[in-house]
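First, one chain by itself: the form predicted on its own, in structure tokens.
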């Protein structure tokens, strides 16, 4: 006999567990079905474990450079095994925290394989293992998986060829690493292993790393890491992998690099197979589930959120999309907007941006003005980043002076970018921003100082 729910959610990542928490809090009867650990890719093999490791690397970097601040830190060493063990401890603690949230908000969790049987007048029929579930509404949050391109010799992950999942399980530090792909994930792993002394080479098919972020700052980031010892091969198309050798074409010629480990980091693809999606007749678009601004699919009472939509594959985007679904189900008219979604690269230094880049503004024929200012313009940055450099760039509309985009290279930009998100979301103008009081001394003052330059 089927058990009835107001909302069934398939997938316990940021979209799924946030939607479940919000829905349970608002009194809906919710079941969350997750075949693996709660938290999804972000918590178990993405955002959290990588940032935990990157923080260890940052501490190590700071310890090595401590003498610049008058601190004697002789014989600085690190323990790779302990770093990896701490990463596991952090993940386990946070996974447990998600489970407690589900209990707190009366969400029923099924640690089973979900399968969609179909839709009828009675509701949407799903199985969770052997259990029959009937739901008035279904939210699909099955996420994404690493894309491994069909390159000869690449094949499935093994001891040498790794994706973001396998590289987080390494027991020993590799002496050399080749990263195929210079996007956010590739750069973050490159940063971590570079800090620990691994020889890192990045092979990127496009003409610059971090495509989609501010191109001027992407160049600056690459130059910073080139000085740290990372080798970059741009406009280089990988054509074959032979054991530990990565062969690529560049300017019509074949070249190769070798590494103890090879990280494949060329993007992710939505998970749309293996759970009966075809039984609903849901429309797909570019490999992901097609949704409208309220995260509705073409099938009544069926929604999708997170990476499975194939758009803005970020944990914070997924969480907000899950909220939009629940808000509309519980009487609040809400829609998803993507004009103020921040992007962050958690390297050292950090690189953060939100809103339009100059490239996007030109592409969309939006008239804008732009001002840049070195991070060293504010005292707090100088005090805490001896010898460090960075920049803040602000774009505003030419006619009204509204904030269109903010891009920062420098620590701790990831903790400051939310202010720019709010300014863009609220369509704040230069005049309105000038009236905001920033705490002093903070690095965040760079935002206001840059705006003063218009």
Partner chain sequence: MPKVQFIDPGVARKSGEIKFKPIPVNQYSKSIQEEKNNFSNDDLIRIYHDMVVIREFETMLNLIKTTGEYSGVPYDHPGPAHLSIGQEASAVGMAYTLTVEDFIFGSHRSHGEILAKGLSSIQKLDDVDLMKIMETFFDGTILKIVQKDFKGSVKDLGRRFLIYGTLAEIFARETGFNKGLGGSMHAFFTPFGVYPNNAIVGGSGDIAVGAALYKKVNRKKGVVVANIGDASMACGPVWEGISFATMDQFTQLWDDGMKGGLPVIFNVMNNQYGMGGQTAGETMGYGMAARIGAGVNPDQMHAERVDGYNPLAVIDAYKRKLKIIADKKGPVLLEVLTYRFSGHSPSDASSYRSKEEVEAWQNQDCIHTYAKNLVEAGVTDQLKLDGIWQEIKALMVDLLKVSIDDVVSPRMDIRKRPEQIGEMIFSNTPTETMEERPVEVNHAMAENARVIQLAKKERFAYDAEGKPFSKMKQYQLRDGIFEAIIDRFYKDPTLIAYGEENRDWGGAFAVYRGLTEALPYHRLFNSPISEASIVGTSIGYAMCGGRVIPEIMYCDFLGRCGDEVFNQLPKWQAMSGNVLKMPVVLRVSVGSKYGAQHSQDWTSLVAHIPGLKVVFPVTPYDAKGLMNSALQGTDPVVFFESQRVYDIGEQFHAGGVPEGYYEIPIGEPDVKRAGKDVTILTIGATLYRALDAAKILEEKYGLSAEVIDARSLVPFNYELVIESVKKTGRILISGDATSRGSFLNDLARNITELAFDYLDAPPVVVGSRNWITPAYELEEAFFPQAGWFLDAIHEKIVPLAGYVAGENFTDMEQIRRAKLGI
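Numbering follows the first chain given and starts at 1. Keep in mind that this is a model prediction, so the values were computed, not measured.
There is another form of the same protein, the form predicted together with the partner chain; it is not shown, and what comes next is about it.
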Hey, of 324-332, 178-186, 351-359, 110-118, which bit sits against the partner chain in the model of the complex at 4.5 Å between non-hydrogen atoms? 324-332
Can you work out whether residue 85 and the partner chain are in contact in the model of the complex, taking contact to mean some heavy atom pair no more than 4.5 Å apart? no
Look up in the model of the complex whether residue 150 has a non-hydrogen atom within 4.5 angstroms of the partner chain, and give yes or no. no
Using a 4.5 angstroms cut-off on non-hydrogen atoms, would residue 207 count as touching the partner chain in the model of the complex? no
Using 4.5 Å between non-hydrogen atoms, is residue 244 touching the partner chain in the model of the complex? no
Considering 297, 201, 218, 319, which brings a non-hydrogen atom within 4.5 Å of the partner chain in the model of the complex? 297
Only one of 235, 160, 279, 301 has a non-hydrogen atom within 4.5 angstroms of the partner chain in the model of the complex; which is it? 301
